[in-house]
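Next comes just one chain, in structure tokens: the form predicted on its own.
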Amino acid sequence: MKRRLWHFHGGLHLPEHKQASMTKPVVAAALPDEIILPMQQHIGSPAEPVVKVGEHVLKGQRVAKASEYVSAPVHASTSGEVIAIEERGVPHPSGLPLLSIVIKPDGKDEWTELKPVPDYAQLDPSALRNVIRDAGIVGLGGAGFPSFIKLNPGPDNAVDTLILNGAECEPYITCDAMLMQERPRDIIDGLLIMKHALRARHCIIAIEDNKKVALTLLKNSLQEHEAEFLKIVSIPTIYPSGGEKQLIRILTGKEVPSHGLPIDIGVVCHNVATAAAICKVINEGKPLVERYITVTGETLDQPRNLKVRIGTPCIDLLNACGWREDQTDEVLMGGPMMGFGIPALDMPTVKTSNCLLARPKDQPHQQPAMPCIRCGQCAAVCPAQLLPQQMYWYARARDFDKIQAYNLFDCIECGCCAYVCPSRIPLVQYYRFAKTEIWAKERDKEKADHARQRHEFRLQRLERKKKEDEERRRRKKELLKKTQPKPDSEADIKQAAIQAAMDRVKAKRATQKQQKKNIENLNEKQQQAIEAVEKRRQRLRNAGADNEENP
């Protein structure tokens, strides 16, 4: 029985440009001269290095640990020496450098000790997630969210459907299609591991209907007992069917709520490459150190898919595929719709790198932007049912409150609006700018709130100390009033103070009896001198006493 499918709003039928990179089998890229491993290849906090310059590392060895809960460790993708831990440029729309570990390969490509899991079904889901976390697995579909978090639905959520995304709808990109053709069993095994971690009831692998070979090989790899709860579904080829919310809509008919998550409707979505990476972790003990990357474009003589060590410079992959630099306008990381230009080609590939696209000169995207003519085509194709034109005006005016009222953060940056815009306005760039500014303002607000809270806490602490000091002084005064009689006048106060001082002196003298020294072994003359001194002292004391009695 054929499964019913639904449709999402908008979308585009785009030229595929996929066949060029699908004609050759996947081969391993050559070992580069250096491996560059940025500490942030994922959503969340950057990892922290655990190795030092000069240290020798093995392939698969952890070189950086996760710094926070939403973070992921980083592992060496080859054996060699750590020659630097410094800021390096990374492929990111911001173009900002990040702290990176640079490894000089020794040519041996020697693995560290691997620890596969003999029987994952006997593991508690929490323990299984920890294994996946320690292996540095993140979403390989492009977002880079740490996978162990998406495999933890929480105690209050039940997972009805686990979806494996094999749509790969963007033009030129074919790395997932080649993965499904060459390693279909790894993908299914990875899906079963995910099912165990999530306790999911049903599983679906979704593939666009233009990937007939991958669809056939995956179906042939299914075993009889798996077919009861696992379905492989062919979906129409329309961009962006690979978007998480759009794919869920196609397969289930359900809508993920605005600002919500798929788990809110009992669905979890992962990428096929993530499933294959999890399979390698469990069955072979190998962390995420390599992945398939499509290297393609009109200015390459041999476009193809390569198995690449994470951290390999982009220029090495381009040269391996016969890159014609003089005919190239720019190189994108990703596809033509959601990709971004790489500022420098010595930047490394990272965990989320799925494609390098060399774009030729004299292309339509190079035409200058013209004023908006309010044609409304952008709204007609928006798969998130937003109003791109209104968002553009508010982003341009830097009115970030208004643009959020139009659900800016529901935008998946698919680029459909910019593709159909007759004025060639780079709409997605405006939305990215607005998101970045809003995030920066929120960070500044958090810092200001934190500083204000610290200041208020300090004021409270000082006020509390002041009150405590005043209370202590009050109690001391009350104690003095109880122990001393209350004087009647100022003269009495002074007299009482003088008398108290004299009493203290007398008491001190009484307690400090002087001990005579050097009185042993005295001759007769010395003894007589001492006795004469004592007699004079006695006469003086007697004279003083007579004067006090007869003033």
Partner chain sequence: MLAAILILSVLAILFGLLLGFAAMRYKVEGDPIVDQIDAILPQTQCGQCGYPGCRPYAEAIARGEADINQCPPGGEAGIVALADLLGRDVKPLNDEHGEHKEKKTVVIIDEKLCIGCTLCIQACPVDAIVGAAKQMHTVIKDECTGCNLCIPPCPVDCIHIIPVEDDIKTWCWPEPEAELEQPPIEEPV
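Keep in mind that what you see is a predicted model, and the values were worked out from it rather than measured. Residue numbers count along the first chain shown, from 1. If you superpose the two forms and keep the largest set of C-alpha atoms that fall within 1.5 Å, you have the rigid core.
The following text describes the form predicted in complex with the partner chain, which does not appear among the structures shown.
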Residue-level contact is defined here as any heavy atom of the residue lying within 4.5 Å of the partner chain in the predicted bound form; does K231 satisfy this criterion?
no
Evaluate F433 for contact with the partner chain in the predicted bound form, applying a 4.5 angstroms cut-off between non-hydrogen atoms, and reply yes or no.
yes
Just checking whether K115 would be counted as a contact of the partner chain in the predicted bound form - the rule being heavy atoms within 4.5 angstroms.
no
Going by a heavy atom distance of 4.5 Å, is R398 a contact of the partner chain in the predicted bound form?
yes
Is the partner chain in the predicted bound form close enough to P155, K254 and K466 that every residue in that trio has a heavy atom within 4.5 angstroms of it?
no
Heavy atom within 4.5 Å of the partner chain in the predicted bound form: which of K476, R458, H259, H225 fits that? Just give me the one.
R458
Answer key: of A277, V90, L247, I193, within 4.5 Å of the partner chain in the predicted bound form (heavy atoms) is V90
Note: the partner chain not shown here; in the predicted bound form, the stretch from 342-350, 450-458, 321-329, 145-153 having heavy atoms within 4.5 Å of it is 450-458
Do you see a C-alpha shift of 2 Å or more at H259 between the shown form and the other one, with the core held fixed?
no
So with the core overlaid, does the Cα of E463 end up 2 Å or more away between the shown form and the other one?
yes
